[in-house]
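First comes one chain, alone, set out as structure tokens in the form predicted on its own.
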């Protein structure tokens, strides 16, 4: 399974937005600059988050994005599905029906084993993402990122937040 690069971008942007003070917004330009991404492409990922009601947007010179809910109420799956959609990662095309040894008109009683295993794996992956909240990520980052880098990044963001 290969996810769009926009999933990574959306997750990183949401982590940054989780640190914004109440009522402040961060522009697409600032988020793109912080992550070294093309603003036009990042905008599409942010629009997906907005359409999924994960971020609020406002226009104007102080405009931009902020989380629509608390970081403890948004999980990784919410963000992934906002960008990628909710479709299963595996689609069974039932190629077993092409077996020339199958009797004509034979009807299987259940989906094929390959599909069932792949669907189970997909659901396990989604369960894992569903359990990890954005606030969990922020907690991990606060422990793993050097304190001086954490502080300077936060200050950089606040200078640009509207």
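Take the two forms, find the largest set of C-alpha atoms that superpose within 1.5 Å, and that set is the rigid core. Numbering follows the first chain given and starts at 1. Source: prediction; values computed, not measured.
A second form of this protein, the form predicted together with another copy of the chain, is not displayed here; the remarks below concern that form.
K.L.:
Which listed residue (62, 51, 128, 70) meets the criterion of a heavy atom within 4.5 Å of another copy of the chain in the model of the complex?
P.N.:
Spelling it out, the residue with a heavy atom inside the cut-off is 128.
K.L.:
Does at least one non-hydrogen atom of residue 12 fall within 4.5 angstroms of another copy of the chain in the model of the complex?
P.N.:
Because a heavy atom of residue 12 falls inside 4.5 Å of another copy of the chain in the model of the complex, the answer is yes.
K.L.:
Would you check, heavy atoms only and a 4.5 Å threshold, whether residue 41 touches another copy of the chain in the model of the complex?
P.N.:
Residue-level check for residue 41: no, no contact with another copy of the chain.
K.L.:
Should residue 56 be counted as a contact of another copy of the chain in the model of the complex, where contact means heavy atoms within 4.5 Å?
P.N.:
It does not: once another copy of the chain is placed as it appears in the model of the complex, residue 56 has no heavy atom within 4.5 Å of it.
K.L.:
Should residue 7 be counted as a contact of another copy of the chain in the model of the complex, where contact means heavy atoms within 4.5 Å?
P.N.:
Within the cut-off, so yes.
K.L.:
Could you pull out the residues of 135-162 that have any heavy atom within 4.5 Å of another copy of the chain in the model of the complex?
P.N.:
Contacts from 135-162: 137, 140, 141, 144, 146, 148, 149, 152, 153, 156.
K.L.:
Rigid core fitted, then: does residue 96 show a CA shift of 2 angstroms or greater between this form and the one not shown?
P.N.:
Shift of 2 Å or more: yes.
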